[in-house]
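Just the one chain here, laid out as structure tokens, in the form predicted alone.
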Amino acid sequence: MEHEVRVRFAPSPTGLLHVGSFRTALFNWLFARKNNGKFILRIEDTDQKRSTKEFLESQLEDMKWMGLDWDEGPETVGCHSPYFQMQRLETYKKYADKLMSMDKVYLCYCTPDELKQAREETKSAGYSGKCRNLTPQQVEKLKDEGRKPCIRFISPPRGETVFCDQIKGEVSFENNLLDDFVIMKSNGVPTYNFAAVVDDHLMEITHVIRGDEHLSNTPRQVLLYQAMEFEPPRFVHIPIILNEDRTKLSKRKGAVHLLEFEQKGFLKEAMLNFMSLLGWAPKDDREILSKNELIESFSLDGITKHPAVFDYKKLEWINGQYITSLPTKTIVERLKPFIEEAGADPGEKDFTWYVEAISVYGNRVKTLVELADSLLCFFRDIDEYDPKGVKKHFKHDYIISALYELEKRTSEDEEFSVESLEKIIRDYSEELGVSAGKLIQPVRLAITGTTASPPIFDVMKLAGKELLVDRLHKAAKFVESWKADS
């Protein structure tokens, strides 16, 4: 009989949620949801020096932002609280005592300085086993010195530790490379490997899905499973994530924390979609998948053996797809904070205006930050015009009179539609004997301050009559002054 699928995500609250860690959480969550299983959140907070409440709250908020809900915890307050390892110290002590009674571990009284000196002398990073056979008299002497012991596991000196990984197949490690590793520190706090094994057993974890960087921890954990006579879970080590230049993903080369992508205007739906494709692919090679489609399609068989490359341009493309495909109301709600962050009042415009703005600009932007930046010219005065655009498009002799004339004609346009505005521009360009482009570019510069925008007639309509007339008048005055000073 198959066990219920039970997986876990176990972050340490020692920093912001890294995209690699989130990808691990996502794969676990998708696997649990696909198999009607349980997704458990466990906070590995045993590193008390570096763990902070702020990092924990940030990580939990990121999980909630992305919609990764967890199923179990020691108590319920709105949703399940995660498990915290520092609240489970008695449990780890119980199992350490059990190993002690089985003669599988021993007390080690070596100080950090002694360990460092021994490594320098032996040119080895491993532990020599010095305290394994201490006499009672030696132990008493060390206690009298005030030393507090840690607990070390007795690793087999020869042979191999072999386990099966669902991605890599059979993996083996030489036991003589593992040494007698610490399972409990002298302060009574468990080490990562010991706490993980105890927790995974008690929480009945069926699949340990984690990053490749944890592969080297697995043989020690397998030895602990064997020593405590626990059935080990299935191990699934997923490929690491690399930069496009195949180097390790790092902050020096761009954003690496989930919070940074939210701040840059990436949509959670796009992030979920993109992150799922880092090291996994659906059988039909689709690239745009909703959360429900991801759950339906996900399988461990689709995980690749090779490192995944973080393709930033692909993320931008996927995000752009979601900007134009999600309900406009959703985009408007998420866009407004970015407009406010830029120093403008998003409440100046009504919902109908936003609908039109997203229709006009949506296909040209990749993030909500870009969309907000593109729309700022409709919220605040233009302080300056693109210098190159001024020299190129405001230089003609007819520009001043043309801007004043377009100001007059647009102010008198009762219909004020995209079609009527286009007719005004084209009719007047014929009267002047110039191409429409010779008026379109100066008008674009007058309205937006830049030389690039969506189709100008859509932009003129989006500006509204009052702002459009004001911008044309202001530009004409600017050109008069500029020419006078030239």
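Please read all numbers here as calculations on a predicted model, not as lab measurements. Quick note: we count residues from 1 along the sequence shown, nothing fancier.
Keep in mind that the form predicted in complex with the RNA is missing from the display, and what follows is about it.
Would you check whether the RNA, in the predicted complex, lies within 4.5 angstroms of a non-hydrogen atom from each of T191, S216 and R246?
Spot residues vs the RNA: full contact, yes.
Check whether L278 has any heavy atom within 4.5 Å of a heavy atom of the RNA in the predicted complex, and answer yes or no.
Judged by the heavy-atom cut-off of 4.5 Å, L278 is in contact with the RNA in the predicted complex.
Just checking whether L177 would be counted as a contact of the RNA in the predicted complex - the rule being heavy atoms within 4.5 angstroms.
Yes, L177 is a contact residue.
Within 4.5 Å, heavy atoms only: does E170 come near the RNA in the predicted complex?
Judged by the heavy-atom cut-off of 4.5 Å, E170 is in contact with the RNA in the predicted complex.
May I ask you to check whether P112 falls inside a 4.5 Å heavy atom distance of the RNA in the predicted complex?
Yes.
Taking 4.5 Å between heavy atoms as the contact cutoff, choose which of R119, K94, K329, R132 touches the RNA in the predicted complex.
Looking at R119, K94, K329, R132 one by one, just R119 meets the 4.5 Å heavy-atom criterion.
Name the single residue among K141, K395, K98, K313 that comes within 4.5 Å of the RNA in the predicted complex, judging by heavy atoms.
Of K141, K395, K98, K313, the residue with a heavy atom within 4.5 Å of the RNA in the predicted complex is K313.
If contact means a heavy atom within 4.5 Å, which one of 258-266, 357-365, 376-384, 227-235 is the stretch that engages the RNA in the predicted complex?
One stretch meets the cut-off, namely 357-365.
Give, in sequence order, every residue of 175-190 that has a heavy atom within 4.5 Å of the RNA in the predicted complex, or say none if there are no such residues.
Contacting residues: L177, V182, K185, S186, P190.
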